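Below you'll find only one chain, the form predicted on its own, shown as structure tokens.
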Amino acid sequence: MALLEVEHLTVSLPTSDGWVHPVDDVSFTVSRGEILSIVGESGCGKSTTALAVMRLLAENVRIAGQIRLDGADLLQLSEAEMCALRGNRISMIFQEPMTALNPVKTIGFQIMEPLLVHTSMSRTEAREKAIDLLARVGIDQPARRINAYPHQLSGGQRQRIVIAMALACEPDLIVADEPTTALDTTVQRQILDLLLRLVSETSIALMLITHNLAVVSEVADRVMVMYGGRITETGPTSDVLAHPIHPYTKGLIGALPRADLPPGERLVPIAGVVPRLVDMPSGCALADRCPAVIDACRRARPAERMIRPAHQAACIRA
């Protein structure tokens, strides 16, 4: 059985134009020791899916479907029961570490906090574990750095601190929302290597949210492509990137810079923009931007179909 099972997840937001669905009937699984990457343009529902799994959406947001962790439906738990899980069995790495960290608390206090809340460790034991975690994520002189404040660290170091906080209680699942976006290329590579090593050593399941297909190609076991709050394609990373089926996936790959492009050849961007949630088409969400659209695409929402073993796409022309 998969560690995380999401079935028919729909997130509804109230607006002045009525209820809209940034996540619309999404189903997927994540197994222990697996890295599932969710990709797509901004506004496609990636981060909302992550926040729904963590139950961190606003109180006026409706969440329907099932989100099961080891068989227990998280949507049926009270807020107190979710607080016992967050930072313990499931953790989240946020996109911008400077906003995820408390600027007036030392990094040592912030790493120790989940240990003191979720375990029976004493402050001395928690401090020793925090120093060990700092060393584990590659912070030099951890015994001295533990007394530093976030503003005294670089962006890459702050991201390592957030990862150390997520790892503190040895969770089963980590949700990482664009963990390398604000970092330069060298630090980005170091953070990715760190995440890969941690998953390999601990069998943590990692749900990686990103728009960077280059990152996906290097780290993910499976990839799930989202557009308009829906899954358009999912499958093994090597299969999806080498043999994309959905026009949207092909468009994302076609817009990716490559070293083998002839000098002067321009990238091919996807025409148009992601539709507003209040203007979402009733058929295929990509219909207005798709070069292969036909009338049938606009009439009904395409269902996901198995095209190759473990490789699915929601396109009537697949």
Partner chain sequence: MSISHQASAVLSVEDLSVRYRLPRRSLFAAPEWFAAVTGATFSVGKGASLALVGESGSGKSSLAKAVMGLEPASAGAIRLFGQDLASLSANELRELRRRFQMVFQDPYSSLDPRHSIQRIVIEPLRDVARTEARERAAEVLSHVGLGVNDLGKYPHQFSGGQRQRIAIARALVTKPDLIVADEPVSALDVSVQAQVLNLMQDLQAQYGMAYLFISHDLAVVEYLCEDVVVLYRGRVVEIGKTREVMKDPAHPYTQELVNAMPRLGGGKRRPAAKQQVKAGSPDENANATGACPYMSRCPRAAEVCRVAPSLRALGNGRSVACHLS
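Small disclaimer: the values here were computed from a predicted structure and weren't measured. Residue numbers count along the first chain shown, from 1.
Quick note: we don't show the form predicted in complex with its partner chain, though the next part is all about it.
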**Q.** Residue among 104, 83, 72, 214 with a heavy atom within 4.5 Å of its partner chain in the model of the complex
**A.** 214
Q | Contact assignment for its partner chain in the model of the complex, among 78, 186, 120, 124, heavy atom within 4.5 Å | A | 186
Q. Are any of the heavy atoms in residue 256 no more than 4.5 Å from a heavy atom of its partner chain in the model of the complex?
A. yes
**Q.** Distance check, residue 221 to its partner chain in the model of the complex, heavy atom within 4.5 Å
**A.** yes
(Q) Taking any heavy atom pair closer than or equal to 4.5 Å as contact, tell me whether residue 250 reaches its partner chain in the model of the complex. (A) no
Q: Spell out, yes or no, whether the shortest heavy atom distance between residue 55 and its partner chain in the model of the complex is within 4.5 Å.
A: no
Q) Pick from 109-117, 161-169, 94-102, 191-199: which stretch has non-hydrogen atoms within 4.5 Å of its partner chain in the model of the complex? A) 191-199
Q | in the model of the complex: members of 227-241 within 4.5 Å of its partner chain, any heavy atom | A | 241
